[in-house]
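Just one chain follows, in the form predicted alone, and it is written as structure tokens.
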């Protein structure tokens, strides 16, 4: 099974028999059997014919629409999940303050631990580099999490940890690359552009996973409800940001798979079309690469782990059993 990324602007996707055909100016660019497609990600101005949409719905292929710059616009889904018992349990749990803050504490702690592991792995691979100050500060935050008694105080600790982490993260990039802090809408430098695209892809997958299982993606535990915000997908995504996207972006720039000249500058910094294809290929490689996870003890992939954690969360919401968030591998 594969992910189909549609990036050619002005292209048209048609269905012929059991296949999807991508054309531009009447010339075929690609052809894929529907049975081999697991998900479709559409960037910008790509036209899907009625026949293609119908085929995607019939085969249950999750289709996500992003702007050219990677912002999530929407999804094509057959019907809402029938799992109303899970949604009812989710609504009840979000009213349970003890349950909510307990779960949010675990998610924040896992995120800070993952940040520490990104720094520690980099330090292990680069003995001439060190940032003991950031490690100490993150360990201090980690020690404060159990003492946070409100969601607002937890969110404050999460924001403080992110500031420490990204300051250290920016110093891991070699050569003349600069990254001082997160900037988005628009991103102000190539590293932020890559992080934003990676997070958008991961967020799209998280929305699809929690929706497919039957959750209401708009109602989370750590992230507060807000109009149009898929808070539960953001909760799930927190477990994987550092392990998947942050490490991928760091590797691509330091190995010169991505270079500053792969980006254009205007009202923000954006990928060139060719660089975006390279990034999507590398992202897909990370999501599909098999490894033995310490979290499960089994051979898995990040895509399977994302599903597994959403199912684990569903069990916790239904039964009140303990939840163990994913933490980046050392």
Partner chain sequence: MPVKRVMFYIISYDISDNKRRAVICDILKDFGTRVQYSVFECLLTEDQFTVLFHRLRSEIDPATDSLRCYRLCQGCVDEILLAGRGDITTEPDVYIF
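Positions refer to the first chain, counted from 1. These figures come from a predicted structure and were not determined experimentally.
Another form, the form predicted in complex with the partner chain, is not on view; read the next lines as being about it.
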message = residue 32 versus the partner chain, in the model of the complex: is there a non-hydrogen atom within 4.5 Å?
response = yes
message = Is residue 303 part of the interface with the partner chain in the model of the complex - any heavy atom within 4.5 Å?
response = yes
ask   = Looking in the model of the complex, any heavy atom of residue 16 within 4.5 Å of the partner chain?
value = yes
ask   = Is residue 328 a contact residue for the partner chain in the model of the complex, using a 4.5 Å heavy atom cut-off?
value = no
message = Within 4.5 Å, heavy atoms only, which of 61, 269, 280, 286 is in contact with the partner chain in the model of the complex?
response = 280
ask   = What residues, if any, in 4 to 20 have a non-hydrogen atom within 4.5 angstroms of the partner chain in the model of the complex?
value = 4, 5, 6, 7, 8, 16, 17, 18, 19
